[in-house]
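Okay, so here's just one chain, in C-alpha cells, the form predicted on its own.
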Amino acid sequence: MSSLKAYIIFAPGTNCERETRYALEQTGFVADIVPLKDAINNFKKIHDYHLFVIPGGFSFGDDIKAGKVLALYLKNFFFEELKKFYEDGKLILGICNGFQVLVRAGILPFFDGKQWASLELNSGGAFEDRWVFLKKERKTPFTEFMNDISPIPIAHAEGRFTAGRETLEKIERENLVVFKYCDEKGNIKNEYPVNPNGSLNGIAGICDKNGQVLGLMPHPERAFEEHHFPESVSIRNTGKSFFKGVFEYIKQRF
C-alpha cells in the first residue's frame, strides 16, 4: 500500500471531491476526504499528509464571491499550518473553486496572506461548461509528464483571471503562469471560445515561486479516464499525466 497521502478538504457546496479522490487513488495515493469541521478541530493532522487539495464545486454556495467564505476559513484557521506544510516541501493544489479559494486566501501567487488577483465573472456573463486546450508555460511537479498542449474540461461562472497591471507583470516576470488557454495547435488567443472566460493574458493556472502550490480553473480529474474525452480529441492522457507528476515528485522526496 502506498504511504503517500492526500488530504482533500470538503466544505458545504463542494462537489468534486469524489472524482478528485478517484484520480488520486488511481495514481497511487491514499486519499482522505476531510470535512471542514473536522479540519478546524485538528488541522495539525495535515502534517501526516503530502498533498493538500481544495477540489471544485461551489463552497458555501459561492456566497459573496466564489470561494470567498472558504478562503476566510483557510486564512483564519489554517494559514500558518499550511505555511509549515509548504515549507516542508509538500504540495498544495486548488482546482476550479479551489483556485478561487487559494487566490482569495492570499496563498497564490505570493503566499503572503494578501489577495493580489481575482477570479471574476466570465466576460460572457454566463456559466461555461466546455472542453478547452491548455498550453504548458513552465515546469512544475504538476506538469512534469504533461504534453505541451492538453485538452481539458472547464465548468465555471467566475473563472476570468484578473490582476492589477503591476501584479500581472510581476506574475509573468517571475514565471508564475503555469497554464494558458490556447487552440489545438498551441496558439494563445484571447478571443472566445479559445479563452472561454476572458482571463487576462489567457491565464488558466498559476503557481507560487517554487511551483509547490498550483491553482487552475480547468478540471484534470475530469480528464482522467479515456471515456472522459470527446471523440474529437486524440490526446487522452491529460489527467493521468497531471496526477502522475504530483505522485512522482512526492515519491522522490518522501
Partner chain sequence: MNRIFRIEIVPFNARRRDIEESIIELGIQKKIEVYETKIYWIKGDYQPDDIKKVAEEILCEDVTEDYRVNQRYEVGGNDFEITYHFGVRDPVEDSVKESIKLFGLKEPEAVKTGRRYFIKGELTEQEVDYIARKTMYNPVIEKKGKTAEIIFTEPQPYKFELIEIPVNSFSDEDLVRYSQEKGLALNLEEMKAIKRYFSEKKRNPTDCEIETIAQTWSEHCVHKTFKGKYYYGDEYIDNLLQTYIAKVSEEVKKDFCLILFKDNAGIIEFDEKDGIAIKVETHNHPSAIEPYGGSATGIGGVIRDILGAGRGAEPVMNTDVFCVGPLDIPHSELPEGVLHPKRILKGVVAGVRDYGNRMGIPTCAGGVFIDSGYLANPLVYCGTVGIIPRKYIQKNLKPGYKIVLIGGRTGKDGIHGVTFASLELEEKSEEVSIGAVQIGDPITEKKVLDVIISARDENLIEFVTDCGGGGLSSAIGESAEITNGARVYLDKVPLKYEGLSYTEIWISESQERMILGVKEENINRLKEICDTYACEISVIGEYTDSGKLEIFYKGNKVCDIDIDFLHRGRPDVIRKVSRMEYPEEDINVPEPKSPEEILLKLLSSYNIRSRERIIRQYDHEVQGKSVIKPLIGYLKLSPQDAVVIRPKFNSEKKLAISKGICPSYSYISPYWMAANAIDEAVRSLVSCGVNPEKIALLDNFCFANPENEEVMAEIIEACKACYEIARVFKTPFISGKDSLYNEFKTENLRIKIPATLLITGVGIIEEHVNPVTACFKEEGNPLYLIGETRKELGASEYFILLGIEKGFVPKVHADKFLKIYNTLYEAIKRELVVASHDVSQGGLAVAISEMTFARNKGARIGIKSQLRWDEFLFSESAGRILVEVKKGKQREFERLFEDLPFLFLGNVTSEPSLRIDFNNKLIIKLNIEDMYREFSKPII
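Note that the structure is predicted; figures quoted are calculated from it, not measured. Positions refer to the first chain, counted from 1.
Beyond what is shown, the protein has a form predicted in complex with its partner chain; the following relates to that form.
Partner proximity in the predicted bound form, defined as non-hydrogen atoms within 4.5 angstroms of its partner chain, places exactly one of 113-121, 140-148, 78-86, 172-180 at the interface: 113-121. Taking the partner from the other structure, its partner chain in the predicted bound form has a heavy atom within 4.5 Å of a heavy atom of residue 37. Remark: residue 30 does not count among the residues lining its partner chain in the predicted bound form, judged by a heavy atom distance of 4.5 Å or less. Within this chain, residue 24 is remote from the site of its partner chain in the predicted bound form, having no heavy atom within 4.5 Å. Its partner chain is not drawn, but in the predicted bound form it has no heavy atom within 4.5 Å of residue 48. Among 193, 198, 211, 186, the residue placing a heavy atom within 4.5 Å of its partner chain in the predicted bound form is 193.
Along 13-50, a non-hydrogen atom within 4.5 Å of its partner chain in the predicted bound form is carried by 13, 14, 15, 16, 17, 18, 19, 22, 35, 37, 38, in order along the sequence.
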